[in-house]
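This document starts with one chain, in the form predicted alone, laid out as structure tokens.
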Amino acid sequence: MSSPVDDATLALLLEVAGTPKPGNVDRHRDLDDLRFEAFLGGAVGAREGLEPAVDEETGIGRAFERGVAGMASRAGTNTQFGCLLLLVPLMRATVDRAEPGGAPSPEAVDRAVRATTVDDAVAFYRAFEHVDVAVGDPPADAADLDVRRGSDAAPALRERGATLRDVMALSADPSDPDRVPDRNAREWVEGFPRAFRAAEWIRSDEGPLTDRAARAFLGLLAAEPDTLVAANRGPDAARAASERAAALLGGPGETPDALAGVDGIDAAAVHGADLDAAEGLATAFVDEGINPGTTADLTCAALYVVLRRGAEVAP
């Protein structure tokens, strides 16, 4: 069995190598301000945080911050901030060994995030000082916890006694019903259902892992609107992007309903995704500035889970 650090690094590399992932950087396309090789550098640099992620003496927040700092130093920009936010607790759950062979389980990752502290939250906020991250405004009653404040938010975090999981809960359940929730934050508070569901799609699929990851990406995007698209383009654009992804799933007459949630997307529909047609959607999304980055984060997390469960890159 390979090490959790190696599998997490490989998950970062496989995610960006999968193609097409409409609107995102992959091995066939760059964005104007972001190139494929930057993600390769980011994956290497992120090991500074991936290695302490499996050390139970190091806080999850501190491991995450170190990963972001290493990523930014090597890539020169934000490439995998959201991926690391999901990978670090999954790696800590791997140490728990709640599943045979050292794979993370929903129960183990829930225990890991519930064990986070105020110090973890402070370190998480410091991570925003290393890179620019597109985020929405905080709830009106939590303006002092705006992540864009970085270290300046530490007194408010300590006064509130807010753990890192508490901070995630604020973004996971926005008070505005029209606002798209932060899907990564919802993973933290719901036991990572999207990552584990997509891991099952990948595990039961056939072909190269990069193709399976690309199909899982389409399934995740079809299931729920992407948080980054909503932050940059608005909730209506995010929902429309999901509907366009759903149209590529399944065979004739089998197109699933968009925005049905991960439990509403059947594995067979994901396995039947038309990657040739997705090439056209990828071009359209890039031209339109639609970048489903949160969906890429979830795909990376799913890849880590499936690698820990024995998936291999060898034919």
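Please read all numbers here as calculations on a predicted model, not as lab measurements. One rule holds for the numbers: they count along the sequence shown, beginning at 1.
Just so it is clear, the following notes concern the form predicted in complex with a further copy of the same chain, a form of the same protein that is not shown.
Practice item. Please pick, from Leu228, Ala75, Val109, Met168, the one residue with any non-hydrogen atom lying within 4.5 angstroms of a further copy of the same chain in the model of the complex. Key: The residue from Leu228, Ala75, Val109, Met168 that makes the contact is Ala75.
Check your understanding: Since exactly one of Val44, Ala260, Ala247, Ala268 fits, which has a heavy atom within 4.5 Å of a further copy of the same chain in the model of the complex?
Key -> Contact with a further copy of the same chain in the model of the complex is made by Val44 alone.
**Study point:** Stretch in contact in the model of the complex with a further copy of the same chain, which is absent here, among 208-216, 152-160, 128-136, 82-90 (heavy atoms within 4.5 Å)
**Key:** That would be 208-216.
Check your understanding: in the model of the complex, does Leu14 have a heavy atom within 4.5 Å of a further copy of the same chain?
Key -> Flag for Leu14 set to yes.
Review point. According to a 4.5 angstroms non-hydrogen atom cut-off, is Glu65 in contact with a further copy of the same chain in the model of the complex?
Key: Taking the distances in the model of the complex, the answer for Glu65 is no, it never comes within 4.5 Å of a further copy of the same chain.
Review point. Glu57 near a further copy of the same chain in the model of the complex, any heavy atom under 4.5 Å?
Key: Glu57: no, not in contact with a further copy of the same chain in the model of the complex.
Check your understanding: Going by a heavy atom distance of 4.5 Å, is Asp276 a contact of a further copy of the same chain in the model of the complex?
Key -> No, Asp276 is distant from the partner.
Review point. So which residues in 9-33, when you check a further copy of the same chain in the model of the complex, have a heavy atom no farther than 4.5 Å from it?
Key: Stretch hits, in order: Thr9, Leu10, Leu13, Leu14, Ala17, Asp26, Arg27, His28, Arg29, Asp30, Asp33.
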